[in-house]
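Shown below, as structure tokens, is a lone chain in the form predicted on its own; questions about how it binds or moves come after it.
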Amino acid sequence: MFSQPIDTLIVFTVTTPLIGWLETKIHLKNLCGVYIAAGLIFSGLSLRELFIKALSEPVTLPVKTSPFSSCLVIDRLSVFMALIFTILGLLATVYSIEYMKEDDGIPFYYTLLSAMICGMLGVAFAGDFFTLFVFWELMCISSYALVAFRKHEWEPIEAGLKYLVMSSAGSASILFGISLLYGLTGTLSFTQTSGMVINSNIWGYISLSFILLGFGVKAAIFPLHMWLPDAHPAAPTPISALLSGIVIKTGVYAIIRSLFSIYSPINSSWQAALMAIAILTMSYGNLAALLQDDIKRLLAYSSIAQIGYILFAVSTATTQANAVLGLTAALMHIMNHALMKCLLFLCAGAFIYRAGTRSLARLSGIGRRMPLTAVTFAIGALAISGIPPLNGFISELMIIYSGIRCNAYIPTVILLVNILLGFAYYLRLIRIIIWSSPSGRLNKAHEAPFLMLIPIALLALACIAIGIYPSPFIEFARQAAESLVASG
């Protein structure tokens, strides 16, 4: 109906409640988690064929005949993002099998998780704004419910409601922006509008403003970030990892796709405004993270700062050559941050799982009781701080170089200062978690369960491997960037 990866997830999503019913009848725990993990594996394997086809030219899959030319267009950028979504979704699912086993409503949890990832794949594959918006809403509605999944507690309900209100306002803004775009061009297709110069029209800029405003809410750019510091701590840890690792990246992807497909950087002048937003976003995120005692809240503010780094790289697209360089750096950091932040959240979840608290003051020294989790947490913290030879160093260096190449010297200096701020609070995290002596309340804490350690270990190895041998990943990101720039 759509494409094999999406169709596979749709089938698994729809049938998960039945598997949940079967689970209760035969008393086989964790059946739903294993079932969704299998669905994500099948979905990920089917991406290989699409990638091979997309190497030569984008694959167009018509959804139906409509005034909006609804279709899926799968290019290298789509596959790049889809692989990140699927792999991290799989790792979070494996982690959830152990982490969520004591919660109620597990079939509902896995149904929502699968639906959310399905929505993200649809956003990545969308060939027009109409299709993108439909899958966008599937992703959003699923993520609202997942944030508020533990509905017997007040914090998830409050955070979920705040997320729902803000994100719904963002969706309304997107809908208004694309309606203006349709009025200007008569189409919502990325391919058909890419050749139309609508940037000289004031309504073109108004349309762009509403579209960026809507997607910016999900991407948590400043000052549209207010939902994120509440949603991340309140959500179950695997969902926190996905919200920070890939859901907010879906917003960034939609911004990038809109800017380069509809509002070509060669014919537009949005770069300076985007760079200002990037600097404000990274500065606010890092300064706020310095003040946090809640470990998940600190990681949430850090995600806001990292979005600033990504948008900074995108804003350096002043020429076609700079556009490819900046986009390559941005895509590398999208991938690296997804890996690093998922690793950090899953490690934090393991600490919380054993200690029963998110307070850094009460988690002090827990790394002594959980050495494997502590080592992987340190790898993630050093990687996101930009310490070589880990993966964060590679993409942050590329972002700095893209800033220098476009002669943005003062903004690049501000970026460097922000990277140092990030290193400061991650060094503080390492000191509290690992170097401090554990208190008496942590005497019974011990290493995380094996099923939770598997995704943690794989993510830590990925951070090391990409840092040591980044060439194939940079080349993949460069090809994805070139395919987008060429389509604009």
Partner chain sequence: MSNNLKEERKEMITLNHYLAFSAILFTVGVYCLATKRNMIRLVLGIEILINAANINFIAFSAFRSKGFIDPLAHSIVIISISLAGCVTAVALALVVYAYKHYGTLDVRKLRRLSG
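Please read all numbers here as calculations on a predicted model, not as lab measurements. Residue numbers count along the first chain shown, from 1.
The following text describes the form predicted together with the partner chain, which does not appear among the structures shown.
In terms of contact with the partner chain in the predicted complex, the residue from Ser283, Ser168, Ser209, Gln320 that brings a heavy atom within 4.5 Å is Ser168. Of the candidates Leu291, Ala273, Ala172, Ile410, Ala172 is the one whose heavy atoms come within 4.5 Å of the partner chain in the predicted complex; the others do not. Taking the partner from elsewhere, Pro236 is found to have every heavy atom lying beyond 4.5 Å of the partner chain in the predicted complex. Interface membership of Pro107, defined by any non-hydrogen atom within 4.5 Å of the partner chain in the predicted complex, is ruled out. Taking the partner from the other structure, the partner chain in the predicted complex has no heavy atom within 4.5 Å of any heavy atom of Gly356. In the predicted complex, at least one heavy atom of His152 sits within 4.5 Å of a heavy atom of the partner chain. Partner contacts here mean any heavy atom within 4.5 Å of the partner chain in the predicted complex, and among 397 to 405, 143 to 151, 320 to 328, 346 to 354 they occur only in 143 to 151. The three marked residues, Phe130, Leu164 and Gly186, each reach the partner chain in the predicted complex, with a heavy atom inside 4.5 Å.
Contact residues in stretch 214 to 245 (any heavy atom within 4.5 Å of the partner chain, taken in the predicted complex) are Met226, Asp230.
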